[in-house]
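One chain comes next, on its own, written out as structure tokens in the form predicted on its own.
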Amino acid sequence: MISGRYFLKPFIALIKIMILMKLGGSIITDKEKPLTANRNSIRKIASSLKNVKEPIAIIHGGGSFGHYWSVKYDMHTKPQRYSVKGVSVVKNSMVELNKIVLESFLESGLKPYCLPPSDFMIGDKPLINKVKEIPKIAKTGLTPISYGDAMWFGKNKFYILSGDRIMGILCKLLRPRLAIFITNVDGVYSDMKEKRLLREITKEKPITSEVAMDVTGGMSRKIKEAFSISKGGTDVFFVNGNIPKRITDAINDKGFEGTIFRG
């Protein structure tokens, strides 16, 4: 749990100057095939971002890499004394996936900048001065790319820091113009079977019915973070990454298709 004292002084000078995106593991890997990246999907998404003129920072999930191994070794978000071999395997798999993402972005004409979460987190708390550097890096033309990871907590304990949680932490501190969760579905459904899409969620129009969750509970975590981010004043978009144009449409406010949590 992130202590509230870390959020007492938002960076006013950084507000609304960048976009934060989360590439879900479901869109950048094949979750049905362990340790299989969806390179084609990653490249298409990267190519769609080439003409975005605003600074962007990206976080990606683990999919069939880190998530696959964390399940195998029974590792969770709660700090515990997990198998040290499991910690090693999970962390190494995330480095492998991150390398694939970095290479795909570079091949697509972008300038990715690897940003491991240990660069801006200590234990389960953000290093504010390090977080403050992220928009500055993005403004140079580089694209900072971080990822969910197995993290050292202290006292021989480790924990899984998810990419969704990183989105929540960074959004609360940096107050980006937009936060975008890129998944393999159109948005948040109130009824998965009938594909009933919730297009807009606000304080006046909250989720009143049980929303469909994926098997891992991944959508549940995203929704939780989206609510928190939107309460801080940032609009949060859920976009289908299989149609990359929807990402740029959300950025440019051009007929967005998906679900939006209004800030």
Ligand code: IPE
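Worth saying up front: this structure is predicted, and the values here are computed from it rather than measured. Note that residue numbering begins at 1 and tracks the sequence as displayed.
Keep in mind the form predicted in complex with the ligand is missing from the figure; the text below concerns it.
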Among 137-145, 153-161, 78-86, 111-119, the stretch whose residues bring a heavy atom within 4.5 Å of the ligand in the predicted complex is 153-161
Practice task
Classify G241 as contacting or not contacting the ligand in the predicted complex by the rule of any non-hydrogen atom within 4.5 angstroms, answering yes or no.
Solution key: no
ask   = Quick one: does S70 come within 4.5 Å of the ligand in the predicted complex, counting heavy atoms only?
value = yes
*asked:* Is V90 near the ligand? Define near as a heavy atom within 4.5 Å, in the predicted complex.
replied: yes
According to a 4.5 angstroms non-hydrogen atom cut-off, is A179 in contact with the ligand in the predicted complex? no
In sequence order, the residues of 42-68 that place a heavy atom within 4.5 Å of the ligand in the predicted complex are G61, G62, G63, G66, H67
